[in-house]
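In the block that follows, a single chain appears as structure tokens, in the form predicted alone.
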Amino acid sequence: MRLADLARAVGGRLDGDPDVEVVRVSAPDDAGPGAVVVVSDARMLARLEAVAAAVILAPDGPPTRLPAIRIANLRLALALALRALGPPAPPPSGIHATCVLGARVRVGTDVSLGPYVVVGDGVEIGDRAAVGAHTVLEDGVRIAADAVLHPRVTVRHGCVAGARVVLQSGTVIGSDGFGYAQDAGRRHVLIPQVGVVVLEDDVEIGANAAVDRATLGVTRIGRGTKLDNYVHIGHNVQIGEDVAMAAGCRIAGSARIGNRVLMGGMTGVADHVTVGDDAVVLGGSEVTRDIPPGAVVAGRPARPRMEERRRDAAARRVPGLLREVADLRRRVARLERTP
């Protein structure tokens, strides 16, 4: 690709030869001919000038003899450059000979169904969808166009995945929610989970995640939301659009997560709690009460970030305060013994 075309693709300003050919995005240590490198640390620049074909720099970055694309958001530039230069090759379309198809299955055009895929009755699979090996789509599942289900995904009966949904290996969509009642003998009696899961367009879910079906109604994950590996979404949870959750988040049943919420890894949200739009929950927090829109919270239990910092600062002072109290007690005791 010509560097001028890459600059247009990432939305940056080009300094230097527009006809330089770049074929890959490279890490600084792996740079070589044809490589473009996103430079976040200007100290790397001198070394890269001897090996790389071009660089992507911040607008206020240092001058360089290499052709350079200048753009403010380097992380976004990396994403767009990788998409432009390294799109993954789609699997070949077609239905593998070992695939098992149920009755009344509707398969769109250019669909790929890999080895040992099991498709239940009444399933609908949209155009250009790709379903990896050993994936199971139970009865009544609907998969929209351009969705990608990597090997060993399970989508349970009646659940829906929208356009361009991506599910990484080991993920289960529509597992039974954790719902039991206790009888007079305190034995657990299963509450049948008869709802579904709906993943809206452009949702992406990492490996070994689980999204539980609703007891009644719908567990819903909104358009554009991204969930990392090992995330668990409980039954009847409602998640808004463009939410991002890092690895290991746990969202208990019937919680409500607003639009554009960001959650750090290993965050927990209690049942029936609401997290407002644009809130940020720092990693390792436990949300036990409602969080207002736009708030930034941290801690166990989660509280406003500055309050949590003051609490941590006070906790760090406790050992010194205890020593002071012990010293004061010794001094008082000596004074009381003095005639």
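Only a predicted model underlies this, so the values are computations on that prediction, with no experimental measurement involved. Residue positions are given as counts along the sequence shown, with the first one as 1. Rigid core: the largest C-alpha set superposing within 1.5 Å between the two forms.
Unshown form predicted in complex with another copy of the chain; subsequent notes refer to it.
Taken together, the three residues 21, 71 and 110 lack any non-hydrogen atom within 4.5 angstroms of another copy of the chain in the model of the complex. Remark: residue 228 counts among the residues lining another copy of the chain in the model of the complex, judged by a heavy atom distance of 4.5 Å or less. Although the partner is absent here, residue 267 sits close enough that one of its heavy atoms falls within 4.5 Å of another copy of the chain in the model of the complex.
Although the partner is absent here, residue 316 is a contact residue: one of its heavy atoms lies within 4.5 angstroms of another copy of the chain in the model of the complex.
The shortest heavy atom separation between residue 27 and another copy of the chain in the model of the complex is within 4.5 Å. Checked against another copy of the chain in the model of the complex, the residues 105, 95, 163, 191 give one hit for a heavy atom within 4.5 Å, which is 191. The partner is absent here, but in the model of the complex a heavy atom of 136, alone among 144, 136, 130, 255, sits within 4.5 Å of another copy of the chain. Using a 4.5 Å cut-off on any heavy atom, the residues of 159 to 176 that reach another copy of the chain in the model of the complex are, in sequence order, 168, 169, 170, 171, 172, 175, 176.
With the core superposed, residue 21 shows a C-alpha displacement below 2 Å between the shown form and the other one.
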